[in-house]
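Only one chain is shown below, in structure tokens, and it's the form predicted alone.
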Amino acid sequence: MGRQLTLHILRYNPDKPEVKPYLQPFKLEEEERMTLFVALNKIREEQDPTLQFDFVCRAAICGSCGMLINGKPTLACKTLTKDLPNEITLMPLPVFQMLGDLSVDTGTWFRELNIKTEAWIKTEKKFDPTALEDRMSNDEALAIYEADRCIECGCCIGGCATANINPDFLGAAGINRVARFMVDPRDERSEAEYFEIVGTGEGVFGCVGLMACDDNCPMEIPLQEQLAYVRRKMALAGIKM
């Protein structure tokens, strides 16, 4: 027989502002290899079908189930209950628009982020469907892959002090996205053009350096290194300008 777990889950419906947010306790028996994703589904299926939370892949690929688990931003599908105490508090990620209970709208935020950072390759070359693909070195490909591992779960944003204060801050996800195109040899933007995107207080110079993003990234992307790389590039670009 497994442990008796108590999950204290924030309940709130933005469509009913007259009902203030509150923590609702749910009890269930722990099963072998149980994740919080499984626990939440059992609660919704067996105790309260109105409970709102997000999931798609259940394999730490989609990033949908990001939430605060005992105060730490992380993925429910990647968190085993055996690694947690008997009492577990679950709250939605801050910064993002709340949809209800543990569900937040990360999609709109990241779509606007990609527009702000102009997250596409810019080149003057005309597309030739008959041409061979552009060649790049293994190191260049690996650098792009490292940044592209971001699943846009929002955990780095939810744990970021600056993002919680400044809604226009790009956050680690945005700076990592810019770094991805900076190392891409196919992108022809100048440092001055990148400076316009990320060389501001809302970009790389807005970071206060607490590095909660690096600590909380479930994909273990070296966000601290990405931030340092972009900051160095933008500092030099600023001097030249």
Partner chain sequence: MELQRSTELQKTYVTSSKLELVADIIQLVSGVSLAFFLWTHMVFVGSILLGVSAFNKLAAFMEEYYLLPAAVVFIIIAFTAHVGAVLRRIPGRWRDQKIIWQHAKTIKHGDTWSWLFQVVSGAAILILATIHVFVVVYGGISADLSSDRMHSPFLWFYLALLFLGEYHASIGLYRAAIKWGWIKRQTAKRVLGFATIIFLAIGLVTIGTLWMLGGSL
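Bear in mind the structure is a predicted one, so any value in this text is a computation, not a measurement. Numbering follows the first chain given and starts at 1.
The same protein has a further form, the form predicted together with its partner chain, not shown here; the description that follows concerns it.
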Spell out, yes or no, whether the shortest heavy atom distance between Gly238 and its partner chain in the predicted bound form is within 4.5 Å. yes
According to a 4.5 angstroms non-hydrogen atom cut-off, is Cys160 in contact with its partner chain in the predicted bound form? yes
Looking in the predicted bound form, any heavy atom of Cys207 within 4.5 Å of its partner chain? yes
Would you please decide whether Phe26 lies within 4.5 angstroms of its partner chain in the predicted bound form, comparing each non-hydrogen atom pair? no
Sequence-ordered residues of 185 to 215 touching its partner chain in the predicted bound form, heavy atom within 4.5 Å: Phe195, Glu196, Gly199, Thr200, Gly201, Phe205, Gly206, Cys207, Val208, Gly209, Leu210, Met211, Ala212, Asp214, Asp215
